[in-house]
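We begin with a single chain expressed as structure tokens, specifically the form predicted alone.
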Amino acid sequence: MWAFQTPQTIQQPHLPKPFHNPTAISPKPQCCLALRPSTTTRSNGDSNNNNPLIQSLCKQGNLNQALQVLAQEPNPTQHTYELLILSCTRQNSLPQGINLHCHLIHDGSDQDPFLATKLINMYSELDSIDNARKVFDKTRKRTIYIWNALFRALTLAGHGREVLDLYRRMNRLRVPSDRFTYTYVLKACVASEEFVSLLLNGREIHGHILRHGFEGHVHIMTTLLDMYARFGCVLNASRVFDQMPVKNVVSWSAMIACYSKNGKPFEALELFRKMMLENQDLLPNSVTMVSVLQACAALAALEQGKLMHGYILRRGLDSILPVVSALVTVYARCGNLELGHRVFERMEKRDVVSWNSLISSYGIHGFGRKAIQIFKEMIDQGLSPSPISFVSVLGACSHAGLVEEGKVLFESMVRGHKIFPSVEHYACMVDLLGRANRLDEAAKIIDDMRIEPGPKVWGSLLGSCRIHCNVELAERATSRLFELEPTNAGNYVLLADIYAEAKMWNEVKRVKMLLEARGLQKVPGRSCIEIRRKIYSFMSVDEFNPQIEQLHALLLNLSMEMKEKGYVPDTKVVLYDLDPEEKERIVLGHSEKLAVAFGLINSKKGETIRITKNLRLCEDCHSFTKFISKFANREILVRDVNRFHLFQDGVCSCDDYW
């Protein structure tokens, strides 16, 4: 199963003639330095021992001189070789590493399992995975440390499938795993993009861990938890966490991150609260706080975010870049863009992630030109934009309708920054053109793509078709999406929405039958609101809130009064051919309206109402909230899945472009 290409020969000019060694790692012997053992042999202990000198030179960073002395040392010790290997790694010198390896082969030291392990680690650090494999292949006596070293190297290089194949081979040879083995093979499961098959492997490894009694090792179980989290298997991750006999701060942080990154911010904040109450000896670290801030941002929980900011300041975590970048994001996503920018301005050091946070923040608020300005400031200050920088600034252009500006930025990726567009960038461009009703151009971009469009690109096109009711292109997009994402109910619902707006009721019925036949359900709308540091959640069918009857009554009264002021319910989102009154009753029960009513009842007069919605704000809720903001004289901030909407005096900040 092992068939690797030999690495390119690395020429070293002006070097002494090397020794000849047919087993050397490189096919041409001239790649090796002249590290010939001295012809002078030691007799009666009179000859000098050069090992201490070589070791001293390595510690001083004089690798070239150390290698020259090595050529005169007939008996290098294991420790000498170890320090030489480490020096090659530290000086990032692959040519010297290869030639040192030649010397080990020449005197047989390459068969020392300890040194073979060090060589594999060296090649891994020097991004020479082929040579790491060759060391493994040529080592006759393979200890578990050698297996682990190759597992680690391959995992870091993204060769997860190969690690798992080797792991099976190791098990067939009855080599017992240790705690490092399980850590590396679990990480290998998420080291490549073959998520479906590698998740099954991860579950198999979970079984191995339990059968061999490693469930008490906190590091292994935390890695297992993290593996399930990365696959989105929140329930599995939660079970692993609950069954852990011992938990450390890394375990708690991993589970909080699992909830935060998989759409469960409520659970993330609740688990953080539990961690603080039950484990006073465990202090949250920067990783913990980033995940907690992400949960606050997801819920637009401004007061919770301020509490976390205070804790971060008390713990002295405000100097850690990822934490401060997360603070910028949390304030912006809670609607306080000014405070987020103030945090950014106070940063002593900024990396590209910090700039991306600010660019994205202005983008989701609809300030596209400001986002472009910040993007240019970042470049002017000497930072190279990352691929995420372009996703952020292109997204900002999309929200603001800056089509020409977005096209210029997209074209500058390769020409100006040597960044080749990924699926995410193409999806941004399709969204930018589609929202502006330039659907033919959006479709042409997809046709001209040099990579497979994938569900993100087709999903962007479908979303634009929903806005502009383009049935033909919607059918084309969904024909691909149904193949790529057969279990994503949202694609079916969007197509049904488009058919409903086009009054194609037979087609609506057909799509709904497809949903039922495949056992899929529409993702229910959910809206959240923070009142006095407590977060409340509402769904369209919510029978558990003690104020639900009061909320419905308030909404009905408001609706009747606003109709007199010109409000006309928009019921096209109802996918049933019902009478107008029944449709009005359905849209009046949408979760964002319930959240608005709850905010009006329970917040102080003049206080801004902040709401988050897990789906796109529907046209009727958008119109309704504009009327409410003027009728009740309240500022209402709603963040849907796409962007922010600030409703004031009957006007929305998006200018009805969302």
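Heads up: residue numbers just count along the shown sequence, starting at 1. Rigid core (definition): largest C-alpha set, two forms, superposition within 1.5 Å. All values reported here derive from a predicted model rather than from experimental measurement.
Missing here is the form predicted together with the DNA; even so, the following discussion is about that form.
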4.5 angstroms heavy atom contact with the DNA in the predicted complex for Thr329: yes
Partner proximity in the predicted complex: Tyr184 to the DNA, non-hydrogen atom cutoff 4.5 Å: yes
Any non-hydrogen atom of Arg142 within 4.5 angstroms of the DNA in the predicted complex: no
Close approach of Lys261 to the DNA in the predicted complex, 4.5 Å, heavy atom: yes
Heavy atom within 4.5 Å of the DNA in the predicted complex - the one residue of Arg161, Lys306, His217, Lys512 that qualifies: His217
Single option in Ser291, Ser398, Asn131, Ser527 placed near the DNA in the predicted complex, where near means a heavy atom within 4.5 Å: Ser291
4.5 Å heavy atom contact with the DNA in the predicted complex for all of Trp505, Glu507 and Lys626: no
In the predicted complex, segment of 166-174, 410-418, 565-573, 245-253 with a heavy atom within 4.5 Å of the DNA: 245-253
Contact set, 167-181 vs the DNA in the predicted complex - heavy atom within 4.5 angstroms: Asp178, Arg179, Phe180
Per-residue C-alpha change between the shown form and the other one, Val246, threshold 2 Å, rigid core fit: yes
Per-residue C-alpha change between the shown form and the other one, Asn557, threshold 2 Å, rigid core fit: no
C-alpha of Phe367 moved at least 2 Å between the shown form and the other one on rigid core: no
